[in-house]
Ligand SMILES: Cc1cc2nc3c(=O)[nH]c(=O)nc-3n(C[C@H](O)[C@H](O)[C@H](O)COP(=O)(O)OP(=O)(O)OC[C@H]3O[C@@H](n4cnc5c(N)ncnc54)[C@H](O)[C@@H]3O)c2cc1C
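A single chain, nothing else alongside it, follows as structure tokens in the form predicted on its own.
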């Protein structure tokens, strides 16, 4: 296999994964990171000192899904061991099922459904140390990419990228030649401007608001306190608010609360005392934030202006440029509350490495194969998240107008299909996950990106099970995922 000289722009999760996998394939990698982070001896120290301006989500809750957990464990076992030694843990479907069902009927494939419990900064800290120690990749900090080096390819009449122009934080400038440039600089990438400078067709995108802001706060379990039991869902959508618990490393966990940016009353959860009151009012998080069980170790971090965005680097069978491709959030990013970011970044790095292995000397074939992989492996998740967010915005709007978003029987006897589907999800799928291990398993496989997003409600056998539970909705007490909005606002007002 031909050895390529590769420049990777961005030293966060996507850049580190790309550098690692390309190095494993024998390529020479220079990873360029604009920010110069302080050296830290432990991930706990890094959590205190690292402020990632280019990656603000690193200060928020993260889910490292089973697909990512399995890829690291199977492909890079030493990295997996490093994560465990840094305090990371595993969350197994089998353990969850045993808590939910008295006699859980498990199957061998259930071992695939294992998440990695870890904070994002711990993940980055371990990944960076591993890349620097165990690979030939060169990690350079304090290097800002200012533009691309490119010529015109005579056979395709496309710009052929041959490197980057950089400026170091001491003011010096340099041109770095490369066979391939990978943009892993994140959702705020300057790739659009760089491409304009070398005369490509416009770098277009579709982008749509997620319809939420969200807040995260980290807590540490007290030394003598047992980990609370997870009795019920670790996350839910109340219509007016979403919430979730995220287990991390070193007995640290976080809670995330999300609501519509226009909801001024709920925006108060950005304040520590109000956030604590909201977490105490939620049945699933109440025991976790009990002062006898845990103590907060951070203020409340807020993340807003969130969008689902898909960028089009290949159009009509032609990439915008040869010798270049974006990965991670530079190409596609989704509502962070889904927890798919780092997993999607790893998948993108895998696709890129595979395409380069197949077409090391053919940049056009490389780009087309990589794009086909992105359309197959990542775009369906983007589309699914976009549709979920649209539905959530509509539910929130109806609720604010005093309309029951789950009512589906119209006065004229016809069925409102959107209300019907919302009812099935709330009164069918959600309780079915507590009553039917087959449904819970299918949901967790999709949630963890092991199965396609379309696999959950398009398989007839699963829909039959969900509908059977939905048909009994009048025979059981509704699940108490959280208080009504008016009651929650009273808790927040008292705290404020």
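Positions refer to the first chain, counted from 1. Everything quoted here is computed from the prediction, not taken from an experiment.
The protein also exists as the form predicted in complex with the ligand; that form is not presented, and the subsequent description refers to it.
Asker: So in the predicted bound form, does any heavy atom of residue 187 sit within 4.5 Å of the ligand?
Answerer: So residue 187 counts as contacting the ligand.
Asker: Going by a heavy atom distance of 4.5 Å, is residue 323 a contact of the ligand in the predicted bound form?
Answerer: No, no contact at 4.5 Å.
Asker: How about residue 466: is it within 4.5 Å of the ligand in the predicted bound form, going by heavy atoms?
Answerer: So residue 466 does not count as contacting the ligand.
Asker: Contact with the ligand in the predicted bound form for residue 303, defined as at least one heavy atom pair within 4.5 Å: yes or no?
Answerer: Taking the distances in the predicted bound form, the answer for residue 303 is yes, it comes within 4.5 Å of the ligand.
Asker: Give a yes or no on whether each residue among 15, 214 and 340 has a heavy atom within 4.5 Å of the ligand in the predicted bound form.
Answerer: Every listed residue reaches the ligand in the predicted bound form, so yes.
Asker: Quick one: from 67, 445, 60, 27, grab the residue that has a heavy atom within 4.5 Å of the ligand in the predicted bound form.
Answerer: Looking at 67, 445, 60, 27 one by one, just 60 meets the 4.5 Å heavy-atom criterion.
Asker: Which one, 246, 125, 218, 275, lies within 4.5 Å of the ligand in the predicted bound form by heavy atoms?
Answerer: Of the candidates 246, 125, 218, 275, 246 is the one lying within 4.5 Å of the ligand in the predicted bound form.
Asker: Given a 4.5 Å cut-off on heavy atoms, tell me which of 142 to 150, 79 to 87, 99 to 107, 421 to 429 is the interface stretch with the ligand in the predicted bound form.
Answerer: Every other range fails; the passing one is 142 to 150.
Asker: Out of 23 to 37, which residues reach within 4.5 Å of the ligand in the predicted bound form, heavy atoms considered?
Answerer: Result: 32, 33, 34, 35.
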